[in-house]
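Starting off, we have a lone chain in the form predicted on its own, written out as structure tokens.
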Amino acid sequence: MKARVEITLKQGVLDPQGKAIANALEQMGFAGVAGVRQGKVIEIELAETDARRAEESVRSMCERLLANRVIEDYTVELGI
């Protein structure tokens, strides 16, 4: 079973990379970009076939390693 984890900065946390991307887009002539927030996507191939156990496992991975819960939020999608 495959899982996709999307990790983004929490609202209110400054995003200097997003700001740099927005500035670069503006300099390249892309007008009207009001803001950019960047994040990361992690795809995980799991041997687990039970969806509930797979999701629990991936959420545990996020809580323990993949996401910095102080400044980041995450979503988990299974069966991609």
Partner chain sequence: MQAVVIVFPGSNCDRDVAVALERAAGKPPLMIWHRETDLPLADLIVLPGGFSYGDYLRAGAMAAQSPVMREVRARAGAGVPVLGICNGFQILTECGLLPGALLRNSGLAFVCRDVWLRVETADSVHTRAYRPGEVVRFPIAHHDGNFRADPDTVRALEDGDRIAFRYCNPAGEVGGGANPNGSVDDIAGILNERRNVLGLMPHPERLADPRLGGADGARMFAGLVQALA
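Residue numbers count along the first chain shown, from 1. Owing to the predicted nature of the structure, the values given are computational and were not obtained by experimental measurement.
What follows is about the form predicted in complex with its partner chain, which we do not show.
**Q** Taking its partner chain as it sits in the predicted bound form, is Glu56 near enough to touch it, meaning that at least one heavy atom pair lies within 4.5 angstroms?
**A** Glu56: no contact with its partner chain in the predicted bound form.
**Q** Determine whether any heavy atom of Arg52 comes within 4.5 Å of a heavy atom of its partner chain in the predicted bound form, and answer yes or no.
**A** Arg52 lies outside the contact set for its partner chain.
**Q** Would you classify Ile42 as touching its partner chain in the predicted bound form, given a 4.5 Å non-hydrogen atom cut-off?
**A** Yes, Ile42 sits close enough to its partner chain in the predicted bound form that at least one of its heavy atoms falls within 4.5 Å.
**Q** Let me know which residues along 47-68 have a heavy atom within 4.5 Å of its partner chain in the predicted bound form, or say none if there are none.
**A** The stretch touches the partner through Arg64, Leu65, Leu66, Ala67, Asn68.
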